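As structure tokens, one chain now follows by itself in the form predicted on its own.
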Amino acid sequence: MANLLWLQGGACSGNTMSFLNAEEPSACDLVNDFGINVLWHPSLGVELGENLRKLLRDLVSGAIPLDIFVFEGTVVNAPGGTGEWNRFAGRPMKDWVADLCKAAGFVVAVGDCATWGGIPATAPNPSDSQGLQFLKREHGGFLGKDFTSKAGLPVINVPGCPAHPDWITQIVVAVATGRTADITLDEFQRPKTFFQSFTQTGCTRNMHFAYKVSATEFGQRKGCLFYDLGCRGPMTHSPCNRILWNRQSSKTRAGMPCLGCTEPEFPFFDLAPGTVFKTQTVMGIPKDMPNGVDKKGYIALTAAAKNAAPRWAEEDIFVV
């Protein structure tokens, strides 16, 4: 049996909502099938007041072993590095986080806020928020770049706004069942099994991308969302079109541009008006190119693609 503790810092609870909707495996499966003992969770824990404080103290001291520490939300350092803006169980949350990370066998950061700082850490970052081991693309974060848990791994980052529920539960199961050797991490400490491919992989609009046929409005069933509507699917590492949401859909399948929420820079362009759902271009060429494509190659490729586009590429060919 593995003891798991889940705490929440500066967050909207989106990753908790996602986790509770997991299906493969579900939150109940973690307990019933994989023997994970959920010591406390913001939406599931029953201990309050002194009982909760005693539980946390026992975990910090080692009286109760802490196998997996899951953190959702940013580490809030304001005001002035005290963390007093986010108090929990009688002390700043950041102090609990520092102590619990030292005591934990594994530390898992869930969602963009816990991994990179997410929206709260976007300039001007009034809460002085950090991710556990990154602040945006900068390695270090709250714990510092040299941190490793007792098991010898750095923080395992499962980003997303929110993270897909099954990414969360499958990583927790892998850790709890001793399959950490199967978890290889990329340069941003994301499990490669989920974050080696791009959101574009498996996108049903790939034929429109290939022939440079653009969607012109949200929800449209034809056309690629990259050319005009700011879709970041070609440069975002995620399996959103391989591991579908609710087992049946994704943003791009529903006609919604990918926002690139699994990348450290999210949200892009500091949420400036007119930038989120609009492709930024210079002389008609996107500022951010699909991964691995240079501007010269893009110009040549798109010109050839538009000239070669068959009539059906302009049509709605989705079927139910």
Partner chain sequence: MRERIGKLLADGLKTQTEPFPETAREFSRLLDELYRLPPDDLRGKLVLSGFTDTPYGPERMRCQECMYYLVHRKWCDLPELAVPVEADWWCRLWRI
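Positions refer to the first chain, counted from 1. Bear in mind the structure is a predicted one, so any value in this text is a computation, not a measurement.
What follows is about the form predicted together with its partner chain, which we do not show.
With a 4.5 Å cutoff on heavy atoms, Ser26 does not count as touching its partner chain in the predicted bound form; it lies far away. When its partner chain is considered in the predicted bound form, Asn206 lies well away from it, no heavy atom lying within 4.5 Å.
When its partner chain is considered in the predicted bound form, Asn37 lies well away from it, no heavy atom lying within 4.5 Å. Contact annotation for Gly62: none of its heavy atoms lies within 4.5 Å of its partner chain in the predicted bound form. Here the marked residues Ala272, Ile299 and Ala303 all reach its partner chain in the predicted bound form, each with a heavy atom within 4.5 angstroms. The stretch from 85-93, 150-158, 245-253, 214-222 that comes within 4.5 Å of its partner chain in the predicted bound form, counting heavy atoms only, is 214-222. Along 281-295, residues Thr281, Val282, Met283, Gly284, Ile285, Pro286 each place a heavy atom within 4.5 Å of its partner chain in the predicted bound form.
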